[in-house]
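Just the one chain here, the form predicted alone, laid out as structure tokens.
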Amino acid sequence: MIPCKPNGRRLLQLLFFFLVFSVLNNVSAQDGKTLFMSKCAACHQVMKDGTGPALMNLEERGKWSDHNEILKWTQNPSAYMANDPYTQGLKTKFGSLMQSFPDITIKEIDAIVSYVNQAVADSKKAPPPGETTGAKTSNNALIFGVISLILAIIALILMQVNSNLKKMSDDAEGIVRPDPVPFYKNKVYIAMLSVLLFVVGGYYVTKGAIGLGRQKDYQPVQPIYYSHKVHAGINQINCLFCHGSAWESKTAGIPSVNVCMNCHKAITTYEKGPKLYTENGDEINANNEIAKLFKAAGFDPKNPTKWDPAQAKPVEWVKIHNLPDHVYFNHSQHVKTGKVQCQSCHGEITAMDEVKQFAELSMGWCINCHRNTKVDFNYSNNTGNKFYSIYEKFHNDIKAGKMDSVTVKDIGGLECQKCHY
């Protein structure tokens, strides 16, 4: 067998490294978004306030043009806030202190800030009519694939041209050489192509496998159009009024028709609220949706005194948030004991009309929260959660100055049996 020509081999190697670099670079470009979604999105949005302030133009605030200042704030918010008026104002405005991320690095801060700045810049660009962000991303991936294919074809053509020129040169000089081995039989080419397919295919297979069973952004159509924005946002109905079992049991529960009728016996029409629209932009007749509730309840608004609550039939709501059967999650442990806000897992629910699954609810997502979330430890003037008074070691370490806070991780939040039983 005649070895692969040096020039052709170099050309193929360059093509191989270009494709691998392009794939890895495309993955790297997502790091800022990935970090933002895993560490920031539970409380922050880019363009508007959520549980915490909007992050757009964050480099223009306080000392944050220096990313090292952002790093200090993110790693230890309580210590940073002690000498910073701006962050003191944030706590006053939003009523809570940001959770710390002691393991975050300056490179991760840079990536998050770059993603935020890019998101702001993209929001100022008016997309062509009919184009959506998802379609744009899909088109970019298609263009990248087409360009890669074209470059691969050009490389093969150049390799063939190089081989033919070499043969012509040998013939002119009277050098007799055996015919070159076809590229599809050359072991070097086959090995390099196999490695390339393994790297690219492995990346996409792994990415797809990780996403199996996850329902992030799942937003089913419900039998009755219920706007959380109107109820929990505009009218400020507390989440626990409808989902009261979240305070004292494992599940948050779905409110019965009779819970809805506590209000809608008196509120029989929708008059003063904003217009309601589906995700597709179709306007909703809110009074028709209230009529569906009355039908399920067996309620006649013209004869309210004759209503018998025992005749009510449950509305067949479509469940949105689902965890695997082998995962244990207790709402009361998080909401009551841990004092976790609903928005931390469900997103800015007060701004949603049709609810969707905000977080991926993966194991990694939960563990990252346990690593970084500080518990309401009972160490400051005896005002914290009394449940944590049993952790004598941590109380002593705090008094001795060995640690300034306790996270869920410290009290066993990463133990397998906490969530898998």
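Each form is matched to the other, and the largest set of C-alpha atoms that superpose within 1.5 Å is called the rigid core. The numbering used is simple: start at 1 and walk along the sequence shown. Worth saying up front: this structure is predicted, and the values here are computed from it rather than measured.
One more form of this protein exists, namely the form predicted together with ligand HEC; it is left out here, but the text below deals with it.
Residue 241, heavy atom within 4.5 angstroms of ligand HEC in the model of the complex: Yes, residue 241 sits close enough to ligand HEC in the model of the complex that at least one of its heavy atoms falls within 4.5 Å.
4.5 Å heavy atom contact, residue 225 and ligand HEC in the model of the complex: Close contact exists here: in the model of the complex, residue 225 approaches ligand HEC to within 4.5 Å, heavy atoms only.
Residue 269 within 4.5 Å of ligand HEC in the model of the complex, heavy atoms: Answer yes; at least one heavy atom of residue 269 falls within 4.5 Å of ligand HEC in the model of the complex.
Contact flag, residue 43 vs ligand HEC in the model of the complex, heavy atom cut 4.5 Å: Yes.
Proximity to ligand HEC in the model of the complex (heavy atom, within 4.5 Å), stretch among 142 to 150, 104 to 112, 305 to 313, 189 to 197: Result of the contact check: 104 to 112.
Within 337 to 374, the residues that have a heavy atom no more than 4.5 Å from ligand HEC in the model of the complex: Residues within 4.5 Å: 337, 338, 340, 341, 342, 343, 344, 345, 346, 349, 350, 355, 361, 362, 363, 365, 366, 367, 369, 370, 373.
Core-aligned C-alpha movement of residue 88 between this form and the one not shown, 2 Å or more: Moves: yes, 2 Å or greater.
Yes/no, residue 347 Cα shift of 2 Å or more between this form and the one not shown with rigid core fixed: No; residue 347 is a residue whose C-alpha shifts by less than 2 Å between this form and the one not shown when the cores are overlaid.
Core-aligned C-alpha movement of residue 358 between this form and the one not shown, 2 Å or more: The answer is no; the displacement is under 2 Å.
Distance trend in the model of the complex - C-alpha atoms of residue 334 and residue 81, change of 3 Å or more: More distant in the model of the complex, by 3 Å or more.
Direction of the Cα shift between residue 79 and residue 370 in the model of the complex, where the change is 3 Å or more: It is farther: the C-alpha separation of residue 79 and residue 370 rises by at least 3 Å in the model of the complex.
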